[in-house]
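Coming up is one lone chain in structure tokens, specifically the form predicted on its own.
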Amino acid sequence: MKIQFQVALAPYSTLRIGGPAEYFCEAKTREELIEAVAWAIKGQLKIHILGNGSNTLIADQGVKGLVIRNLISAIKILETQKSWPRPKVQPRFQLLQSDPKLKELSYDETKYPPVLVRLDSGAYLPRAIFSLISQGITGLEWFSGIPATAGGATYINLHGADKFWSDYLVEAEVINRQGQVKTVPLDYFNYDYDRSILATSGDLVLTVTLQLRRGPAKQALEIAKFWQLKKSHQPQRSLGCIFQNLSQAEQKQLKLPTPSIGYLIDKQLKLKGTQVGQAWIPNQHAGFVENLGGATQKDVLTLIKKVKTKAKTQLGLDLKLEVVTWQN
């Protein structure tokens, strides 16, 4: 494990924004990740885990402490099991309705035999999804096209179509604040929409175990390619959707045809195309903020504040962020 100093973080973010990490290292093995965490704990340093950087808005001044770029990526198929007993997570928020094409392709997952799959937390989902499908393992195709890692998906309770990551998670290995590795079940995470206990517990994800299916690989591949193509048309120099979609109650109150935050910002708030510095709300998708080339975190936060303020004053809404913000 090599510790570096004052490493610029912008190249490691899909938004291409971020100042230097005080300390920086890349963990390529399980042992290196555990060692890096132990090193930071010994030095009483704050720890930041960076996966693909697709949901992280990094401070212009950089961040104090140790940033660990998580590159551990093993995928292990475990023994087939009976359906794993686990609590059903009921998020408070409504997901977007699936595209009609996706509804055609949907299938009853419970008809197919379950299989447990263990992913390292740095496993890149777009790669893992197609690798598993090629081996006849389905379930994660609904998250295709999302540039996340397994650890990031676990942290945020990733959602795609009408599925949540928590629909598949069985258990995970985490490293606690004392550097100890422990295994925790699904209900430990206290999942909600874009929320988990990891935001406050300080535990870091090492591996995740998912219950997937030996299902219809050809159908799953078609779903994965459909989502991949659909996501490819979204702004790429961005962090994905900035705000959470509306709750069912909010959608009903405003009499909107969809809970989509992009629809709200475009049609209700009329903010599509709004620009602050080099950050703007793109014409492709009003739920995103895109870096036109030289945007700063300050530009993005100013634009976010503008949207939040107008939503509050005009519609009485308190919009909730979907991205994670790193401040110095």
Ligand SMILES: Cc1cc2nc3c(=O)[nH]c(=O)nc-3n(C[C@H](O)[C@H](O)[C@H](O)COP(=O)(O)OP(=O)(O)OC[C@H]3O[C@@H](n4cnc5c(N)ncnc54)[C@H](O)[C@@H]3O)c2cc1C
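This is a predicted model, so every value here is computed, not measured. Residue positions are given as counts along the sequence shown, with the first one as 1.
Keep in mind the form predicted in complex with the named molecule is missing from the figure; the text below concerns it.
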Pick from Gln228, Gln236, Ser106, Thr258: which residue has any heavy atom within 4.5 angstroms of the named molecule in the predicted bound form?
Gln236
How about Gly240: is it within 4.5 Å of the named molecule in the predicted bound form, going by heavy atoms?
yes
Might Gln268 be said to contact the named molecule in the predicted bound form, defining contact as any heavy atom within 4.5 Å?
no
Can Gly287 be called a contact residue for the named molecule in the predicted bound form at 4.5 Å between heavy atoms?
no
In the predicted bound form, does Leu50 have a heavy atom within 4.5 Å of the named molecule?
yes
Among 111 to 119, 129 to 137, 209 to 217, 228 to 236, the region lying within 4.5 Å of the named molecule in the predicted bound form by heavy atom distance
228 to 236
Given a 4.5 Å distance limit between heavy atoms, list every residue of 184 to 206 close to the named molecule in the predicted bound form, or none if there are none.
Leu198, Asp203, Leu204, Val205
